[in-house]
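Take a look at this single chain, the form predicted on its own, given in structure tokens.
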């Protein structure tokens, strides 16, 4: 297939480029294809494209909360534009969703649960889902807590821990009562490849890593894998305690745990237990 990839230089894009190496890829970052620019997007209508992998997104919660206009332009308007391109070409589009569209009041979320985002990041990503659902030929694949891309690309929790370690931190705090599914982007990309090649029914699929964890549990596991448990004091704190310690934050969902039952039934999942995936990913971090 000839596959157009937006946001190809990000965490997931880095893995997708490796995993989809048997396909003809049109690889774009924000310079080659600014998804917010409809004229630039529709300029690709003259290309022969079989599938759109729409990975481009503003995923930084802090930036989204304090610059919401940019988040909505990227995550909603940008997605609307890519849907228009898919309609013109009459081809499937894949949109990467997030557990962050839920309010966290339930312990675990299925594909059919009602979205109720509590911050601008979640809201902008949910509006992206709404845009995609206006077009029948779509897959919405929701990720858990992403980890991938290595220290130069990873913008999420694991690399934030690593940056503290590199700064010789003696204490690192982790929230003990916020839960999600650590999700390795290489496993996610392999599952994504299975879906677009095997073509199950269009629709929404949760694609989390296996098993749930708190932020503190991920912190503890990562530090242990790196062999630094005796050198760094790991301090569990509640959500409320953390925001008192570090007040310049945006509200976060307390539970982003996703059910993968629908995906598992397809037999296409490559998702592994998060401990195993983190152990493999940690090899990219040098101490």
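Bear in mind the structure is a predicted one, so any value in this text is a computation, not a measurement. Numbering follows the first chain given and starts at 1.
The protein also exists as the form predicted in complex with a small molecule; that form is not presented, and the subsequent description refers to it.
The closest non-hydrogen atom of residue 52 lies beyond 4.5 Å of the small molecule in the model of the complex. Mapping the unseen interface onto this chain, residue 269 falls outside it, with no heavy atom inside 4.5 Å of the small molecule in the model of the complex. The closest non-hydrogen atom of residue 143 lies within 4.5 Å of the small molecule in the model of the complex. The small molecule in the model of the complex comes within 4.5 Å of a heavy atom belonging to residue 34. Proximity to the small molecule in the model of the complex holds for all of 29, 74 and 96, with the criterion being a heavy atom within 4.5 Å. Listed stretches are 105-113, 149-157, 190-198, 163-171; the contact stretch with the small molecule in the model of the complex is 149-157, by a heavy atom cutoff of 4.5 Å. For the residues 223, 257, 56, 64, the 4.5 Å heavy atom test against the small molecule in the model of the complex is passed only by 56.
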